[in-house]
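Quick heads-up: it's one chain on its own, the form predicted on its own, in structure tokens.
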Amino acid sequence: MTGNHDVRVARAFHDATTHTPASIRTSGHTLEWDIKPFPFKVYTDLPTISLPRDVDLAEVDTLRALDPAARTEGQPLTLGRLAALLYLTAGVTRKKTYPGGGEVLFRAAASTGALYQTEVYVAAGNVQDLPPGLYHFCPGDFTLRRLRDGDVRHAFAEAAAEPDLARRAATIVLSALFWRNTWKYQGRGWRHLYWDSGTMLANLTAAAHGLGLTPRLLTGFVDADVNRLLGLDAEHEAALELVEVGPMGSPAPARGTIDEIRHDVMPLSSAEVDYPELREMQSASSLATPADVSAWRKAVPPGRRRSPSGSMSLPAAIGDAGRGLGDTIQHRGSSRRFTHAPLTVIELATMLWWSTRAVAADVPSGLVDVFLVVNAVDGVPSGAYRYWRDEHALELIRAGELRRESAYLCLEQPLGGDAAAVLYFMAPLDALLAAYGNRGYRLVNLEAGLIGGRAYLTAYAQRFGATGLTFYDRDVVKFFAPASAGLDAIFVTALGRGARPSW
């Protein structure tokens, strides 16, 4: 048995990193701006490969890109399509310069605190106009840097216990640099690694669908092997997820032993603060062998209940928002202020439906339950609800005006009260840990981030705004009782009319 089975680690970590009014007021943590991490990982000893900038921005309608039944399959993976995929996943979409020279670079996908700790690697095998090899994508200069020569897809296939990886055109790997997030969020930043990579995966899977590259997400793999293939320093960074993209072809040949690599990287900052609890959580949720990966994937998640009688059916979601995915992503940005203007019930129903559809993956989805506070939605009385995704229905938990309560739950941030609707993601954590071990804690944080990221896309496709928020964990569970019995709070996303919409 691997350490993944000792679920006391995940349970203790979750409990130790919950926010309470007392923990916030007595934290004493301050931001040390002189050591704020640099926002890009730069390999200083490797030449750059410039990516084409005149690329297809996947102007398929945003909602169709989220529809698992509307995939365009079989498109070859060209360098241009790869560049578009990387841009829509993690690229710099626009720049804002402030008086005095300050500069903010907006990214394709949201990140907690705008810290962007998620890195992107590409194991390319059959990409037109790109030699086989392992590459790192740098959004700052929109380039690739080759870390390994030759086709390494077979090695990733072995580490993931997934033979198809050796036949797909490429594998995209998301990793995280711990310090870039813990600088602000300390040990709780481990949760953010999976929220943020989930949000990025929302873009990646939608863009890959729009480009006809049939993505499939892999959450199970031998962590040490993938980290070694990428040349990561596991004390400071780690691989999080793999996504296979592109058409099937001949399998990559086995290469035998693959040497370790260590390339020079520009330091993130002059000093770092270590948070051992984060590394312990990452290690305790790791899988040690391909056999462990295969056995882990066979776990049976807890059964899902059906909505109770009397739930309010929502209208059917629209299937075409009239806004292309590339346009949606380029205009996306976390809302900083909401007006009290209402959403329509169609807008809410469309957002809930498309944000909770399953993506192709190695484990089932539906591990996270969506609760919400409705403050201003035409056709839906104000109150607290549970959303039942299979029935596309709302179960009323508590009626009434709840803006003040929702703002309090969101760490006393006005956005939580001003929003038209606030999504609270919760999960039966203990039951999922029993099924999947500590790695189940990765799954729930990842799925919450993925739903939140898709909520961003559906919101901006319909021309309203969204933002992710942190929260008082236990108070969220208490607020939605008794419907929340046996659940733990995981993540929050607020939606509404932006006071200054970016479009």
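All of these numbers come straight from a predicted model, not from anything done at the bench. Quick note: we count residues from 1 along the sequence shown, nothing fancier.
In what follows, reference is made to the form predicted in complex with a small molecule, a form of this protein that is not presented.
Using a 4.5 angstroms threshold between heavy atoms, residue 467 counts as touching the small molecule in the predicted complex. For the chain shown alone, residue 328 is not a contact residue for the small molecule in the predicted complex, no non-hydrogen atom being within 4.5 angstroms.
Using a 4.5 angstroms threshold between heavy atoms, residue 480 stays clear of the small molecule in the predicted complex.
Mapping the unseen interface onto this chain, residue 116 counts among the residues with a heavy atom inside 4.5 Å of the small molecule in the predicted complex.
Of the candidate stretches 379 to 387, 224 to 232, 196 to 204, 357 to 365, only 196 to 204 has residues whose heavy atoms lie within 4.5 Å of the small molecule in the predicted complex. Taking 284, 415, 138, 127 one by one, only a single residue has any non-hydrogen atom within 4.5 Å of the small molecule in the predicted complex, and it is 415. For the residues 406, 171, 112, 182, the 4.5 Å heavy atom test against the small molecule in the predicted complex is passed only by 112.
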